[in-house]
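For this one, two forms of the same chain are given in structure tokens, first as structure 1 and then as structure 2.
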Structure 1
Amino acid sequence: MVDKIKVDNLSCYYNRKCVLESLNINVIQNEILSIIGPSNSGKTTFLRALNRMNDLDLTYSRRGEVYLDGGSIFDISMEDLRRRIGMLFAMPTPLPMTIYENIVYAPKRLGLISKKSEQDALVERALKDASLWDEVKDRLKSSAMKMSGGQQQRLCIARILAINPEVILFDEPCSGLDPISTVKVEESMIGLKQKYTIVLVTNNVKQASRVSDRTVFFFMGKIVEIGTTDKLFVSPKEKQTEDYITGRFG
């Protein structure tokens, strides 16, 4: 088992207020790691620290290190880092262009593809991997803003797959979706595990137990417990974890 990401003593601050305190955690190659925890426990902050989205916020500062494949993520450019670590947000974030353009936008800019035939192939493969191809194959040239929320979210997955990252971060990807779309997104996540390493933040404890290999429980900016999903859900070591997953608080 190889560590894909290693977080070493990471602390995060907004306006000098400590949001995450001395985290040590590793993400194993080709696993799905779920992060659960009540609101404001710092889950999103942690995820955004991994691909340095937080660095855009002027009030944000951090201490500690994050390593990707053994190298510090602060030694490579943000653009390269985000190409290697893709991120999916809670709200679907399609760009205001056609479905087709949404997918080729980043690969074209990065110079991964140029020929029209390559683009077509890439769009098809990405949409198939995100289980969206059948629904949109006849309307690739229509605006992405006209799709349903679930379709938009899967388009965003397809868009990430098109730049072929190594890690994908999901931040509550199903919070705005109906149960059927949720199942579809979960299915594509499990399929993606073969090729990618996945970190999933979810408010839905059941979802964590359905899809993930390991689960972390965050509370007030600290890790309370981490373990394989089976163990954590069946016999949690900490009282707080047990209370949370049985729905007694949070």
Structure 2
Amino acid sequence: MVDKIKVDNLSCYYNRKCVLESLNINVIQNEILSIIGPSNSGKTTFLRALNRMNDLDLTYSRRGEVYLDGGSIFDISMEDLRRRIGMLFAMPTPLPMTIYENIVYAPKRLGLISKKSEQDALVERALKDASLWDEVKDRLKSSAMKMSGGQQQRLCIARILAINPEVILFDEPCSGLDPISTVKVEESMIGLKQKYTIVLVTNNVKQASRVSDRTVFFFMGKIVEIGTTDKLFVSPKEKQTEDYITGRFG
């Protein structure tokens, strides 16, 4: 097993208040790693630390290191880092364009594609990988804003795939979706791990148990337990973990 990301003694602060303390986590290539824990445990801060989105906040500071393929992410330009590590947010954010234009917009701006044939192939591949092609292939020129919420979220996944990242960060991707749409997004995630490394933050412990290979339980900015998902959910080592996944608190 190869480590795609290595988090080494990472602590994160806002206005000098510590929100994540001395984290050490390895993310294995082509796995889905779920981060669970109650609100204000630092889950989203951790996720945003992996592609330096926290750096946009002037009150933010950190100690420790994050490595991508052995190299520090702080030695990589923001543009290159965001291309290598894509992020999907809780609420769908399609561009006010056609479905087709949503997919090709970023690759065209980055100079990754130019010919119409390249664009067509990219759109088909990205939509297929996001499990959306069969639903929209006959209306690629229609507005993305007319799609359902679940379709919009999968379109946003396809938009990330279009720039060919190595890692995809999912921040509560199904929090605003109905159960049927949630199943489709989860199926997309499971399929994507064949090509990509995925880190998923979710408040839905059942979702973590369904899709992830390993799970980390955060509480108050610290790691309580990390392990393979089947073992952590069946026989957690820590009582705090058991109490959370069984719904006794959180």
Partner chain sequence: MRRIIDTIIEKVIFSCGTLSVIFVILIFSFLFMESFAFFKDFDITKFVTGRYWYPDSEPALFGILSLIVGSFLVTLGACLIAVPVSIMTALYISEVVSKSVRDVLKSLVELMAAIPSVVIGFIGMIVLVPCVRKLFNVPTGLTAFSGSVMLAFMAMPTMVTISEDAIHSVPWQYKEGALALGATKWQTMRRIVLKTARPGIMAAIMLGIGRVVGETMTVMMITGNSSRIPHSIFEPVRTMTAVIAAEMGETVKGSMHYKALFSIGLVLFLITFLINFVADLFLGKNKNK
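By rigid core we mean the largest C-alpha set that fits within 1.5 Å across both forms. Computed from a predicted structure; not experimentally measured. Just so we're on the same page, residue numbers count up from 1 along structure 1's sequence.
Structure 1, not structure 2, represents the form predicted in complex with the partner chain. The rigid-core alignment places the CA of T98 2 Å or more apart between the two structures.
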